Every structure is written in structure tokens, then in C-alpha cells.
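Just the one chain here, laid out as C-alpha cells, in the form predicted alone.
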């Protein structure tokens, strides 16, 4: 953590010092419940809260506060700085701290795989460099600047996941973080309901290109590559990765194993190495390729990349494979959108080992007017991929069940079960499953599909 001075904060934010005390701060907090001694509190206004309401509590442990409303009285021994906009000031401070350091900053965006790719990049780089990352998915206009305030004087590289819900948000995050290297994992249907079209989603993701020295992109994602062809003003180096199309960084001879995937990592003009990846799914091979491409550009050797990827162990609830009661359970319940559901279902079928393959899918949220169309498309996909049993959870996924109930493309329709929510599915899931099944559980975060996982793993 960088030591922050009052002078730093005033220079970065243009704020007015209301108190007479001059202190240094050991960190930044926006949560009065979790603030630590020595930290400075930013009283952020949100849609459902106002940090100013918790100022008194924050100052019990905190050493000062950045406020947008002048307090009626100034607390003794605490620094109070008044600014026009506390959120903007947090972002300005993060930008100020980043610009003091001439180090690489890697930004990762895409419709799927952002967090895993970011973690793989961190796993590789941290073996050689002191590396800062944003924790979890603190990837928005609040979480990203908070992460940057943790920048230590000894840090040598930063890895930041960038999320978005609207046009212009990636551009704003790039203004704050000023990335030197960018990764676009893929372009899919995430957030299409909010942005209104797939083209708008792509345009929003491509905002990351502005000002990059190096861009790493998925050459197997045709929709992404078509968008890049129309991008005429990018002047940096473009590095591609792929499994199928020729690219700078490739995975050849991909093989599913009991513990994950093996593949030959090839970097054009620099040889190759066999990677033993301990996470399942072809999409994770793509994530590993993206991480390999950007870290190689930052000076990591192929052997260092191979070793670090081999040590990566993944995240709970992200295609996490669990063996229980003779059933292979794939816990992919962290979140869902149409493209990630399709990828996961295809991996389910690929991993099925002799028994039935069972897809337990919950509603995909944030699709708005696209919701019925996308859910019905999932139903057709289910019936065409060889799924034996389809358990549909939620009102919209029940439409997918209707679509999958008839025979499609010469394949037998799956056996279908429908439930209105995760609780009812949990209560009935073990009556559906049998030993030898391979089961995928996936849905949007708000569907709490992990309850169904509990129904399987807790069964006696």
C-alpha cells in the first residue's frame, strides 16, 4: 500500500482542507464497517446509500475523510477534505497514483473469462515481478480505482479486470488506469440487453484499444476480428491467440484430462511447451492463451509461463468439478450469459464419461428484450448437443425447456424437468440424478444456483 499524504490527496482531487491536522494515511476505504485504523474514508454516494450518513462511524477508526458535504463541526484529530464529487475524487486519486509510476498496466476485458484470465496473468507475472491485481471482480468505476489506491512503491506491474454495463465505461476506466497492455478475451452476448445490440457490446469492449501499446485478441472470435478490421486508428502491436485459426500464440493437440486439459503452447518464432492445465474447459485453454500472449510480451519465458499455468488451480463456482455420490458435478454457478452457457454445455457433453449428461440451467438475467429469444435459442442448442436430461430453473429457462422438448436435427429430445426457482430444484434434484451422471449447474448470480449444488453434495 502506498503511503498517502494530505498533500497528495489535495493535489490529486483539488479538494479543500477543512481541518488543521496534517497526517499520512495507510490506505483508502469506502466502507465504514471495514475501515482500518490509519485509512482515509471516501464518502461515496450510491444509488441506494450515501457514505456521508456513515461518516461518524468511519471516523471512529479512520484517520480522516473525503466529503462532498461540509460537516457542521470538525472532529478533533481527524483530517477532513471537502471535494465537489467524492467518486470522481477517488478516481482522480487512483489516476494520480498510477501516473506516478512508469510501469506496465495490463487491462483485461471481454464478455467471458475476464476474471480467470486476469488471475492467470497474475499467476504468471507474480513469479518474476511484484504484481498488483484487483481482487475478485472489483472491476467497475468504484472497484478499479480502489484497487489502484493499493499501488505500492515497489510494485512492478499491475493487472486489472475491466467490466462494463454501458457504452463509455471501459473508456472511463482506461482514463483512470492508463493501461499499456490490453486483452480482449472474446465478444459475446453479455450485457446485450443493456446496450441494445451485439454491435454496441463490441464497440464498448473495443474502447480498451485507445492508447494501448500492445493489444492481445482472440483470433477465433470472428465477431471480434470483424470489428478490429474496422478499427483503423490503432497504432500499437496486435498479438493474436487461437486454437483453430493461425495466430501468434496457439494451443495445439488440446486433450481433456481427468484434472483439466493438456495442450502444446506455441508462440510464433519462439518454440513451444506442453501445458498441463488443472482447470477444465476449452474456454480455459483460451484464457490461458490470452494470459500467455500478454505475459510473453512482458518478458516472461515460455518455461515460466508453462510452470505458472500448471500451478493455477481456478476459482470456486467457475467450472469447478466435484465428485460426489458417484456423480460428477460441474459447479459453474457464478454467473451466466448466452455465450457462456453454450460454451459450458458443450464442455459438459465433451466431458461426459459414459453416463448421462445433465444440464441444470437457471435464468440468464440482464437480457431485457432479448431474453425470450436467447433463452429459446439455448433450448434449441440443448436438444442439438446430446444432453440427456435438461433441468430448467426459472420462468425464462422454462421457455428454453419448451423449445428443447421436441426432436431437433435428428437427435432425440432430452428428458425435461422444470422448476420455478433454485429452492424447488434443490428439493428434487436427487430424485432426477443417478450414479454415473455428469451434471452442469449454471445460471445468473441472482438465481442462486449454488443451492442446487448443495442439494447434490449434501445428500446422504
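Positions refer to the first chain, counted from 1. Being a predicted model, the structure only gives us computed values, none of them experimental.
Not on display, but discussed next: the form predicted together with a small molecule.
Residue 115 is the only one of 297, 91, 115, 180 with a heavy atom lying within 4.5 Å of the small molecule in the predicted bound form. Exactly one listed residue, out of 78, 318, 248, 202, brings a non-hydrogen atom to within 4.5 Å of the small molecule in the predicted bound form: 318.
Checking 143-151, 164-172, 270-278, 107-115 against the small molecule in the predicted bound form, the stretch whose residues place heavy atoms within 4.5 Å of it is 107-115. No residue of the trio 25, 29 and 86 has any heavy atom within 4.5 Å of the small molecule in the predicted bound form. The closest non-hydrogen atom of residue 343 lies within 4.5 Å of the small molecule in the predicted bound form. At a distance threshold of 4.5 angstroms between non-hydrogen atoms, residue 292 is out of contact with the small molecule in the predicted bound form. A residue is said to contact a partner when one of its heavy atoms sits within 4.5 Å of a partner heavy atom; residue 283 meets this definition for the small molecule in the predicted bound form. Taking the partner from elsewhere, residue 134 is found to have every heavy atom lying beyond 4.5 Å of the small molecule in the predicted bound form.
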